[in-house]
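Taking the form predicted alone, here's one chain by itself in structure tokens.
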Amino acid sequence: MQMDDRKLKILQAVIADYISTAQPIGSRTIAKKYKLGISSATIRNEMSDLEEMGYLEQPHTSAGRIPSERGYRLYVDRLMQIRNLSRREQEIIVRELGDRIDEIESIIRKTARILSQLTRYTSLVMNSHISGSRLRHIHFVPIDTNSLVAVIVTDTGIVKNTIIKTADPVSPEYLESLTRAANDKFAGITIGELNRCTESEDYKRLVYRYSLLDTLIPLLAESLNTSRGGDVYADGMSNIFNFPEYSDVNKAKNLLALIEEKEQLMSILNRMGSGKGVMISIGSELDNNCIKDCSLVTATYRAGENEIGRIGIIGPTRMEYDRVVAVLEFITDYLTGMVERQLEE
């Protein structure tokens, strides 16, 4: 049995209607709504063929049909037309994210919130491990006479701000000189090497001149270790209750429990790979019984060839894939551009 154009059009119509209504679709509905130029009897026969081919399912004998996982896979691979985001949606993203990454944790929280608000699904944002990143800049900026903020920028665009209190007053001139000396010493080393550098004779001579470094560097290393990456942030978890698929309380609990289980969730995200572009896993492709009725759509943002983080949407297999992909593509492109501009400064 061949998959011809007519079957493809009928399958696309069934998927579009089911995504919109969450109700099994009958041949009369397709005939009335989609003007395919064929009778409902012909559509019914074609739907029967599509079921036999594994692209549709019939939940009950007397009910209409719904897409199968195989049907969704064919849809996202061959039939889906990605929507264009409206100017208003683009403006919301740009306004909320701003034009530079002031701190990685802040941008992650903002991204997760925007994703869940725009898609109305549950958003996931994973930041990459930074232990292998190299220090690009360290800036010590005074807040007042006894406190300063240390701003660390890595070669992958990751930014970390740490507020440090000092026992003795420090002047802006001293911090400016300290910044130059610290960059001469530490620029280009990895985060993992930062602690080991403090054992060198060069470092000890530097501390003799800038005694404050002996306090600052251990604090910076500790701060970077606590934000070493590989964590997953979620937003919009209550959104799942807006979908009839999760009217079953146990099913909703299973999904929420998985999202709270960060290590298991990270394992699923990592299995999807980190290639360029948007990646879609549907149902059993996720290889996890807790989310066998879900789809996960992810995309990465980068600095050159280095992955900075991954963003994603998890929701029912009856997902608005065309809209989700559009939002993910726009946000990852915007974040990538923001990182690259910052690295050029």
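Since this is a predicted model, take the numbers as computed values, not measurements. Numbers for residues come from their place in the sequence shown, where the first is 1.
The discussion below concerns the form predicted together with the DNA, not included here.
In the model of the complex, the DNA stays beyond 4.5 Å of every heavy atom belonging to residue 53. Among residues of the shown chain, residue 310 is not one whose heavy atoms approach the DNA to within 4.5 Å in the model of the complex. The closest heavy atom approach of residue 64 to the DNA in the model of the complex falls within 4.5 Å. In the model of the complex, the DNA lies farther than 4.5 Å from every heavy atom of residue 299. Heavy atoms within 4.5 Å of the DNA in the model of the complex belong, among the stretches 54-62, 289-297, 314-322, 276-284, to residues of 54-62. A single residue from the set 25, 335, 10, 327 has any heavy atom within 4.5 angstroms of the DNA in the model of the complex; that residue is 25.
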